[in-house]
Ligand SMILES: C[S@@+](CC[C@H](N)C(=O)[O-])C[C@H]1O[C@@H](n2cnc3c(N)ncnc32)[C@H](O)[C@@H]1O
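Below you'll find only one chain, the form predicted alone, shown as structure tokens.
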């Protein structure tokens, strides 16, 4: 928790445009105290947390790294509360890339970032991967558990916000589909550095992200917490990895009941840290 709190104080302080000295002055402390918090050398006194949360304009739960249990963050929270699966139960096509590029011929740990209702996470578990998954939607998590139970497999699924959650253990595969547009631009470098650091040697990231194109109209879904990505941006975070595949597609979608188009960048990248490939 100390490292999570340290990281979040730094993130939200910068988002508010405050220096360490500025935050310290508001709290009536020395800037050295704030510096020690952000370096995880010490933690704020519990009596300071309410004032710290107000100053950084973030809830105490979020500051401590816990996703809100009550406030819906995604527009899909309500859609997921039906018995039917909003996205269906068939796996994303990129799941088959995982099977092709890193088949589970030995135990492999896979992380599904933003698992939604669990269709991809459960598919991976059914195919022999040791699957961990998280999402910010309570309804999505419950449906992931239900789908896993129905399929007779186990998925370690939990609630977390992609903006706050950081890896603290290693995985062989990091997978994410249709979620990365929720990452704020100023957090992307730090988040991807974390994902890469906690990936095993020769492990893979298989990811996609919606990209902005001037010839494609904005999607009909109004997502207040979505941020723009651009062609080539995702690839740039993997310039030091082996790029197995990188492409861009435009496809039709009717998930909202209104036909529309998306542009999407996909990438498969492998971590190679030695001279031997």
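Please read all numbers here as calculations on a predicted model, not as lab measurements. Positions refer to the first chain, counted from 1.
The following text describes the form predicted together with the ligand, which does not appear among the structures shown.
Among heavy atoms of residue 136, some come within 4.5 Å of the ligand in the predicted complex.
In the predicted complex, none of the heavy atoms of residue 199 sits within 4.5 Å of a heavy atom of the ligand. Taking the partner from elsewhere, residue 203 is found to have every heavy atom lying beyond 4.5 Å of the ligand in the predicted complex.
Taking non-hydrogen atoms only, residue 92 approaches the ligand to within 4.5 angstroms in the predicted complex.
In summary, among the residues 123, 192, 171, 87, the only one with a non-hydrogen atom within 4.5 Å of the ligand in the predicted complex is 87. Of the candidates 160, 108, 148, 157, 160 is the one whose heavy atoms come within 4.5 Å of the ligand in the predicted complex; the others do not. Of the candidate stretches 179-187, 123-131, 149-157, 97-105, only 179-187 contains residues with a heavy atom within 4.5 Å of the ligand in the predicted complex. Residues of 100-126 that come within 4.5 Å of the ligand in the predicted complex, judged by any heavy atom, are 114, 115, 116, 119, 120 in sequence order.
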